[in-house]
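We begin with a single chain expressed as structure tokens, specifically the form predicted alone.
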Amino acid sequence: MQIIQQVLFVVALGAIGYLLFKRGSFIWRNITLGKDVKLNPEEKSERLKTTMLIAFGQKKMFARPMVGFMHFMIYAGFLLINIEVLEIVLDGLLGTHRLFSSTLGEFYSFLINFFEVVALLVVISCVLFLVRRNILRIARFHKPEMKGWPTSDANIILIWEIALMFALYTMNATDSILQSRGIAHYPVVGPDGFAVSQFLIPIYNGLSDSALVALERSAWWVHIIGILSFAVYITYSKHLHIFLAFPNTYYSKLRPKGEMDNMDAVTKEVKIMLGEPVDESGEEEEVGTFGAKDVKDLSWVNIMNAYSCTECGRCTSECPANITGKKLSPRKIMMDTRDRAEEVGHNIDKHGADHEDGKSLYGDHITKEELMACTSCNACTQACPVNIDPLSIILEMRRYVAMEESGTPMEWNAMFQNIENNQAPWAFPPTDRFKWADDLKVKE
């Protein structure tokens, strides 16, 4: 029987591994559809510091302390309980039961009890998040872009986590009863039993030994297969940020937020026109499209940003355009970019890399009205807990509207012309710029 369980576990582990590899390869291919990004090698230490503070330390989450604390408990529980998952995986492969109990002694009892307390905090946090989303109905969770799957996804993941923790408690409670009855292969964990699951013992205490063994094994399977399946599920979910938050913050922009990236080829032409020296070394950049119409025109960091989006809506709740009733929602910009990357990826798999489906990110997913509503204030980027930069995507798409379509408002065109001719938004030459001060008199 034990051999059969080991074989089934190896098969399950292999199947989950295959699905993760296949989905991970698909996502990575989609991300790398974007253009390359040049990084300054001298920024490495600053990028590592940013990653530790923002991704690992959850710094931005605590801008809203209570929510930040609950999220941190779920995050900490995810990290810590993985230690227990390691033991379960080894037990499944080796056919052992609580492998670490024999080597860690009483410290093992402390660890299990600590994990149980953390798991309880996870359950409480998940319940509170469900209440906030479905009963208190926090406004940012019920914007138009959150209808349908995004709302269901958030609820599924919270309920799933509660179910996993309940399976853990059931496994430990039944295990504790089997230990007290001296059933073979169920070693005594410690003199004090389990910190939280001991309160479930009265529920299961009346079951026979065989029923308890079956329930304990079932809970063990539900817990580990649930966790492994969870790993696959989140690659289709907004919770992909569990994996991508770290590289996303590492590659986030360190320069002043909102600063547009110059196109090297255009910069070179401008310098030539102004008679400034230019660097002739290196390969010539071929100007294909000004700005971005589709995901392939964006950088791969932009696409990774889209896959990293937590859909928390902090960006949209801080956006002045959205607050005043405009259609722009920075969260929707990121969700649309991710959806289009998925669409392009599936097209490539079905029809090849050169297939054109006649659709694009701009126009079919994101409208000009949304792009023109952006004030470039950068509130969305500042609010994002994982340093996603919706503004850079908006600016690239607006660059396309301005330079490829000439589709910007007339007032903008007049300003562009003034900047080109007068190096300022105003319709007078630089020589007249300080005429306003000519009539000022210094008072004695």
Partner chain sequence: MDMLKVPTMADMAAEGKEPEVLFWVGCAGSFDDRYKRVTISFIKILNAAGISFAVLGPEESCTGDPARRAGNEFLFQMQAMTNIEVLNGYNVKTIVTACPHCFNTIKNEYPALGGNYEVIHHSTYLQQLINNGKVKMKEGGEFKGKKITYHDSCYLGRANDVYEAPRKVLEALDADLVEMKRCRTKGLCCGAGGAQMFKEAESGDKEINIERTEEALATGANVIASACPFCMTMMTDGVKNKEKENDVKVLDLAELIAISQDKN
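Everything numeric here is computed off the predicted structure, so don't read it as measured data. Numbering follows the first chain given and starts at 1. Think of the rigid core as the biggest set of C-alphas that the two forms share within 1.5 Å after superposition.
Omitted from view is the form predicted in complex with its partner chain, to which the following refers.
For its partner chain in the model of the complex, the listed stretch (207-215, 358-366, 265-273, 93-101) containing residues with heavy atoms inside 4.5 Å is 265-273. In the model of the complex, its partner chain lies within 4.5 Å of some heavy atom of P429. Proximity of K59 to its partner chain in the model of the complex: non-hydrogen atoms within 4.5 Å are absent; the residue sits far from the partner. Residue contact with its partner chain in the model of the complex: R64 places a heavy atom within 4.5 Å of it. Of the heavy atoms in E411, some are within 4.5 Å of its partner chain in the model of the complex. Not one of V295, E342 and N347 is positioned with any heavy atom within 4.5 Å of its partner chain in the model of the complex.
Among G352, P202, G325, G105, the residue placing a heavy atom within 4.5 Å of its partner chain in the model of the complex is G325.
This chain is displayed alone, yet in the model of the complex one of G226, P150, P247, P320 has a heavy atom within 4.5 Å of its partner chain; that residue is P320. Heavy atoms closer than or equal to 4.5 Å to its partner chain in the model of the complex belong, across 249-266, to the residues P256, K257, G258, E259, M260, D261, N262, M263, V266, ordered by sequence position. Superposed on the core, the two forms differ at A427: its CA moves 2 Å or more between this form and the one not shown. Comparing the forms between this form and the one not shown on their rigid core, the Cα displacement of I272 reaches 2 Å or more.
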